[in-house]
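Taking the form predicted alone, here's one chain by itself in structure tokens.
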């Protein structure tokens, strides 16, 4: 019994030594794989905010006006303008201000809220779909369906109605209940 107990204590001690190392490896694996694809796609762009659901992606959107990463990667030309930015902003030219803005954002509010003519495409596709559906239904009507049976003719339908009334079919709630047999007229 003491041998089993000693073996159990030894395994317990080894497990206690391995556990912190294993936890650190698991934490590194989780940290490395979380959003790994979007981090690879973003490249060396600077992370500057939380963004949409905490993902490091760039998107021009009214609901999330400040994207998580900058639009462009840092270039030597931009580094020079950033050095000038730390000083007086009046010393910056309009081109430098535009360069700084375009480094962070792809479009201005006016640009990404601009009315686009996509609605015309949607309406056009809708009309084409309706026209194709109408052509298919007309072709079914003329080519696929048989001609109307002769029992649909008006004189045949009148004869069938007279026969229903003569046989007094469904006299409580049906057609025969609406016929007056004394005057031979509808009630």
Partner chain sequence: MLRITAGKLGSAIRGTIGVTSSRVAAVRALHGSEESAEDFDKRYEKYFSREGIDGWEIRKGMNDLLGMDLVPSPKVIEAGLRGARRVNDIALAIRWLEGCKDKCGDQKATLYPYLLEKITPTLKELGIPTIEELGYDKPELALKSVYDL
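Predicted model, so just to flag it, every value in this text is computed and none were measured. Residue numbers count along the first chain shown, from 1.
Form predicted in complex with the partner chain: not shown, discussed below.
- Stretch-level contact check against the partner chain in the predicted bound form with heavy atoms at 4.5 Å: of 154-162, 137-145, 61-69, 123-131, the positive one is 61-69.
- Not displayed here, the partner chain is kept clear of residue 75 by more than 4.5 Å at the level of heavy atoms in the predicted bound form.
- Although the partner is absent from this view, residue 94 contacts the partner chain in the predicted bound form, with a non-hydrogen atom inside 4.5 angstroms.
- Taking non-hydrogen atoms only, residue 106 approaches the partner chain to within 4.5 angstroms in the predicted bound form.
- Using a 4.5 angstroms threshold between heavy atoms, residue 87 counts as touching the partner chain in the predicted bound form.
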